[in-house]
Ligand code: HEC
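Okay, here we've got a single chain as structure tokens, the form predicted on its own, with questions on binding and movement later.
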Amino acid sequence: MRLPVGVKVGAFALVVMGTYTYYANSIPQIQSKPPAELSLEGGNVTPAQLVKAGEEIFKTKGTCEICHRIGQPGTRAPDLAGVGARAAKRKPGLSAKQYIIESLLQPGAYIVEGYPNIMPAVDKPPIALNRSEVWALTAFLESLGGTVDVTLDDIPKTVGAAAAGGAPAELKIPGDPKAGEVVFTGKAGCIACHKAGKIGASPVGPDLSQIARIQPPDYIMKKILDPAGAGTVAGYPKGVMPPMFGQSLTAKEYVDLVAFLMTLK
């Protein structure tokens, strides 16, 4: 008895799917998980291990390398080469570790001459390091020319306390990022000076490709309306960014532009 072609094709398809399913299920499954937060509280850790963990945070979650370099002057923020030694001489009455901790948690407390007050607190969104991560990052910075002597007790217990009670809800900007991209490349003319991911390539102004990783929404909103008041990024000329966007953009265009910038991570 000859089977209809349709039945043959269907049977063949079932065999093929069964074979692929068997092999797929036989392969160990890798579950994708977000990187775990560093937690050193209550554990034994050597200074070398702490410094290594801090260096990793400096390069990844801390996003420090977006603005800072080590041994490379002329970037957005001060060169951190030798900061472990310099830190002890920055503010009278503060040791190196005290100055570094203050600089991470209250960056506006002391501003290095020639640089604007634009660094966010590392324990607050969007960076949001926990207490152990701030401890490790401090140790790494101390190691750059200084002595690593920071302990967990040196880091305020309030650091990371909010995260321990549950991460705050992500701030939603009530705008249309797609429409904001059109404003960025069109009416606002941002593309003439800034790069944003795959958009633009001008070196006139800072690269905004990761702006939402290093700055909170309030800074971004203020920078559009009052560019001079928000400070000029080191290495770029002052007074170039126009101050008239508050008048030239409609409320919707402004909110859409902020929403687009907040996607740049």
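Computed from a predicted model, the values in this text were never measured in an experiment. Residue positions are given as counts along the sequence shown, with the first one as 1.
Not pictured, yet referred to below: the form predicted in complex with ligand HEC.
- Is every one of Gly62, Arg90 and Pro107 within 4.5 Å of ligand HEC in the predicted bound form, counting heavy atoms? Each of the three qualifies.
- Contact residue in the predicted bound form, chosen from Ala196, Val51, Leu40, Val233 - any heavy atom within 4.5 Å of ligand HEC: The residue from Ala196, Val51, Leu40, Val233 that makes the contact is Val233.
- Message: When the contact criterion is heavy atoms within 4.5 Å, does Gly205 count as touching ligand HEC in the predicted bound form?
- Response: So Gly205 counts as contacting ligand HEC.
- Message: Considering non-hydrogen atoms and a 4.5 Å limit, does ligand HEC approach Pro156 in the predicted bound form?
- Response: Looking in the predicted bound form, residue contacts with ligand HEC do not include Pro156, since no heavy atom lies within 4.5 Å.
- Query: Can you check whether Arg76 is within 4.5 Å of ligand HEC in the predicted bound form, heavy atom basis?
  - Reply: The answer is yes: Arg76 has a heavy atom within 4.5 Å of ligand HEC.
- Decide whether Val148 counts as a contact residue for ligand HEC in the predicted bound form under a heavy atom distance cut-off of 4.5 Å. So Val148 does not count as contacting ligand HEC.
- ligand HEC in the predicted bound form - contacting residues of 242 to 265, heavy atom within 4.5 Å: Heavy-atom contacts within 4.5 Å come from Pro242, Phe245, Leu257, Leu261.
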